[in-house]
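First, one chain by itself in structure tokens, the form predicted alone.
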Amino acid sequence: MRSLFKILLIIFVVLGFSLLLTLASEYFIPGMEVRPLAIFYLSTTLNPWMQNLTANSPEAVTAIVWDYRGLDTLFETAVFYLALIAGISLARGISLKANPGKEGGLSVIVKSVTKITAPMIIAVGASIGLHGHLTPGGGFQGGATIAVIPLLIIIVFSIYYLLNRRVTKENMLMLRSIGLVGIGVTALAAFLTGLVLGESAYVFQNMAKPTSPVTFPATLNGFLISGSLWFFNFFEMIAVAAGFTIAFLLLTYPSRSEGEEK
């Protein structure tokens, strides 16, 4: 009787919410006009006629995230990695050696399919990250996509498969650090260049500004890289992929090594 009451209650709640949404769609219609702030972003993210006021990126979201509000994004990125550092601190002292004799895992069919699909997933992740200044995506999304691979391998092959191939916590920490240092250097590159050249420049500066001629290249060998945006996406992709891999390794470390007496 109580189960029937719960089911009826859920049905009434869903139907009531659907009715509210239907009524709202009839009376609350968003305006058609484009807000001035949106017009500003859309007219400056890729504008070859205003080289001192453009990010030279057709992907407005990436331009806003890493150029218009780059400092804010840096703090958001720091929060993610501080959480990761806290997780690593809780797991300090825990290590697991590779086991060359027993890798375990699922069936041969599942392993074969995984070996075929894994390179495809990496290619898709790299494409999302490295084309983030041109198409929807970016370093975080690309890195998160690539991080699916270690999780998949742990499930299909076991954690020892990764450890035998040097995908260890220590190596991933090094890779993550390379990504974070790359983000920091990219953020300071224009400012440091300005100091050397004796020009005024800004932290997180991408393209030249009316008060600063220092600039990242908008193109490289004829390909649009949108200056610092490509570098931010590249290093963030590395850092995120390595960071998630560390988390997956720590979460799946067995409490005892195989063969160890309980």
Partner chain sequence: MINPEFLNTYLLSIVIFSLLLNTALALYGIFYKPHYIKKVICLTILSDTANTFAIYIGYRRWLNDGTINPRPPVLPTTEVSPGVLSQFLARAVDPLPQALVLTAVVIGLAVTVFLIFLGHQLYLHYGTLDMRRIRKLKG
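Positions refer to the first chain, counted from 1. Not measured: the values here are computed from a predicted model.
One more form of this protein, predicted together with its partner chain, exists but is not displayed; see below.
**Q** Looking at V110, A83, L152, L188, which is the one with a non-hydrogen atom within 4.5 Å of its partner chain in the predicted complex?
**A** If I apply the 4.5 Å criterion carefully, the residue I get is A83.
**Q** For Q51, is any heavy atom within 4.5 Å of its partner chain in the predicted complex, or not?
**A** Heavy-atom contact with its partner chain at 4.5 Å: absent for Q51.
**Q** With the partner left out here, check for me: in the predicted complex, does some heavy atom of P213 sit within 4.5 Å of its partner chain?
**A** No, P213 is distant from the partner.
**Q** I'd like to know whether V196 contacts its partner chain in the predicted complex, with contact meaning heavy atoms within 4.5 angstroms.
**A** V196: no contact with its partner chain in the predicted complex.
**Q** Do E170 and its partner chain come within 4.5 Å of each other in the predicted complex, heavy atoms counted?
**A** No, E170 sits far enough from its partner chain in the predicted complex that none of its heavy atoms falls within 4.5 Å.
**Q** For a quick test of understanding: in the predicted complex, does each of V148, N164 and L192 have a heavy atom within 4.5 Å of its partner chain?
**A** Verified in the predicted complex; spot residues all out of contact, no.
**Q** Which one of these stretches, 110-118, 180-188, 156-164, 128-136, sits within 4.5 Å of its partner chain in the predicted complex when only heavy atoms are counted?
**A** Answer to the contact question: 128-136.
**Q** What residues in 6-22 sit within 4.5 Å of its partner chain in the predicted complex, counting heavy atoms only?
**A** I10, V13, V14, L15, F17, S18, L19, L21, T22, in sequence order.
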